[in-house]
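One chain follows as structure tokens, the form predicted alone.
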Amino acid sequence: MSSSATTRIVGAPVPRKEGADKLRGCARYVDDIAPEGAWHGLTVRSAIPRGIIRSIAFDPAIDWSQFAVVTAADIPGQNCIQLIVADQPCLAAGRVNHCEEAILLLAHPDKHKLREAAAGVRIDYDPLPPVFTIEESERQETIVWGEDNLLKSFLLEKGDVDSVWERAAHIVTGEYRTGAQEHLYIENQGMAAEYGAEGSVKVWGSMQCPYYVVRSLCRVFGLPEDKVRVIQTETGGAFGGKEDYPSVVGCHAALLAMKSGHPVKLIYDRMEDLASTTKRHPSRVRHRTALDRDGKLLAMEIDLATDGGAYSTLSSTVLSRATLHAPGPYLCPNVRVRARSWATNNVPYGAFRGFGAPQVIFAMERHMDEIAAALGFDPVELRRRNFLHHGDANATGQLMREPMILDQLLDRALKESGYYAKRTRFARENATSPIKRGMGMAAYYHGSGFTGSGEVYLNSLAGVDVTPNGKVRVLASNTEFGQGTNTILTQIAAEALGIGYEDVLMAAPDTGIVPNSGPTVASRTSMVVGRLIERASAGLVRLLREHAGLGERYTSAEFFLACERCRAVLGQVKSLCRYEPPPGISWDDETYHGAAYPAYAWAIQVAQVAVDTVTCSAEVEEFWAVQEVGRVIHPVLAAGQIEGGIAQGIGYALYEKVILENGRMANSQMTNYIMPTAEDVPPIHVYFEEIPYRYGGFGAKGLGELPHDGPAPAILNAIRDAAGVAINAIPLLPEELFAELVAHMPAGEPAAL
């Protein structure tokens, strides 16, 4: 049923499940919810990047009896947020490790009085020397985390890299840097909480991963899981920023509810959200590459470092994906990737769309263009002669068993963009024009699902049931935050059940109702969870045939009549499926060898840019994206995901710069953190090639993160083509472009452009 000829709903642009409510303004976000008697919460944060808390004093002019005040001493369980490593305190106790670290919490019925109260809290510190950069952390002159500042490291090796250098015809080196990036979701972080008299906790709010929040609440309150309930409300965007951080906000709101005896809403404003929440990890990647005379890769040595911030959060997961994607979609017999994430006293960094892949793909794809320039090769043909193909082994030794069509994707991208004709024309026009135009490309892949043994560890459970009022519900904890989860999973269920799309709905993302189907991250929803829903739906049909006489062919009405007969026999109509890894997938966490991902999505992206040598600004004029993502479940949503990811990638490359001063984000407002607007996003041409993946939901592979990986290198490669300058760091703002253009001016020309 993975062929378009045999499906009715999969592959069709059906209406979004939540679309009508959003259009009518009926969708309720966490700040729209007003529990009876609710108080408002506020966080009092550190003013320094690192130090010992000497004392906390409260202004005697304020009647503190009207407020609920929570410090680390009020935590009934353990003072830690339960992520991969439990090193991050829920509230600072004794010391602070970054600006904006939460020290105490306040709640009051009138939210306008909270700011005055916060100003009345005086915290005295003994400052300690901070560390702000990767290089400072590497030197280990000041230890700010553990024994050596090293949050996590990985080593990936294939072949014998050290034996290659003496016999290589060419050796090319380069260093590439990427900055932090703010998620800038439309809806700020926010959670609400109730604390029951019997010692139970209920939290609801804006999030990606309800069961992550459950784990932290259990730890902080010392409660069993059955005493904790977490509900996702309508969520206005996430991009990874609501994967781990809602555990912090949820625990804070619940602590205030416990202390105050009232429900509490804790909603960040934009400035607090930008200043205090996680961002994309800054990175430094160094490449040393050996090639033969024909431009074939002989060896890659890659040194990868990321700034992890003050606590480990999800840095190990981000570093793992970065390690695995660093060598790119190329066949190379000898590879070594050394990867390290370093602690600093910056705000902790976390997951962001692509989590690790955009950083290293920027480095790899810029480096390929620099190799081409050094060898005098066409950058397109250099890539083509080194592409992985079916049956090849990548850097982890994983055989490419699924069909691979990188050459086909490349041919289409070149044709659709008019790549060669435009490069020829632009080269002619650039000689006399202050506006220099150029074309650049990026080729890459993105692993679908969790890395290595991650999906086995998650052991996800999902399924479907039938309600007494005659609707099928999809039972999964995967959440909708704009990307289309509700629509995609209900499409898959309706298709597999053979009933109408309108007859299927999503169960509320409530841990009291839905099983743990794993987090909504890592481009896993359509492929991994979609497959669970497809299998569970097929199981439900078998159940109905066994217990209710459902025929081989049936209408929706006959299906639901059979459901009622089955309910009379079994008491419920429900089918759940547990994750099973595809056959032949094995991974060794110790050696970092084997099948890192069950499947990969592939892409070629091409950017056309204009560089104004008078204003020193760069503009993306047009963009083309050709990708193979398995079966496209919903063509409109899929194209929207590609367009949105490219828009974010343009911001990553040219606009979005996090400016840190003494560890604090200095531009934490929408007026000075600049993101691309509609005027800055060019026409984007999206093309799909479909090779259904047999173990994905109706053939789907991961899609949502793929489009963010390639824009930055494609754009910087196009700028090199246009202006003749090799720039290896992003974001590239006009002042940086000015400096590069001046530095590369021929001798004797005036210093001013």
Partner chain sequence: MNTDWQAIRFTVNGVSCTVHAPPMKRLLDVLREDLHLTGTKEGCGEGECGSCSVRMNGDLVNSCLVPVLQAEGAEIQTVEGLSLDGELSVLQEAFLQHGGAQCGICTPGMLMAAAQLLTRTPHPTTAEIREALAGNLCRCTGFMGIFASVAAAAEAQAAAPAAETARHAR
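Not measured: the values here are computed from a predicted model. Positions refer to the first chain, counted from 1.
Quick note: we don't show the form predicted together with its partner chain, though the next part is all about it.
- The three residues Arg16, Arg270 and Gly644 all sit with a heavy atom within 4.5 Å of its partner chain in the predicted bound form.
- Screening 398 to 406, 581 to 589, 235 to 243, 219 to 227 for residues having heavy atoms within 4.5 Å of its partner chain in the predicted bound form returns a single hit, 235 to 243.
- Shown alone here, Gly376 lies farther than 4.5 Å from its partner chain in the predicted bound form, counting heavy atoms only.
- Proximity of Asn188 to its partner chain in the predicted bound form: non-hydrogen atoms within 4.5 Å are present.
- For the chain shown alone, Gly94 is not a contact residue for its partner chain in the predicted bound form, no non-hydrogen atom being within 4.5 angstroms.
- Proximity of Ile684 to its partner chain in the predicted bound form: non-hydrogen atoms within 4.5 Å are present.
- Shown without its partner, this chain lists Arg631, His367, His183, His98 as candidates; in the predicted bound form, only His183 has a non-hydrogen atom within 4.5 angstroms of its partner chain.
- Taking a 4.5 Å heavy atom cutoff to its partner chain in the predicted bound form, the contact residue among Glu147, Glu679, Glu198, Glu141 is Glu679.
- Contacts with its partner chain in the predicted bound form, taken as any heavy atom within 4.5 Å, map within 460 to 493 to Phe481, Gly482.
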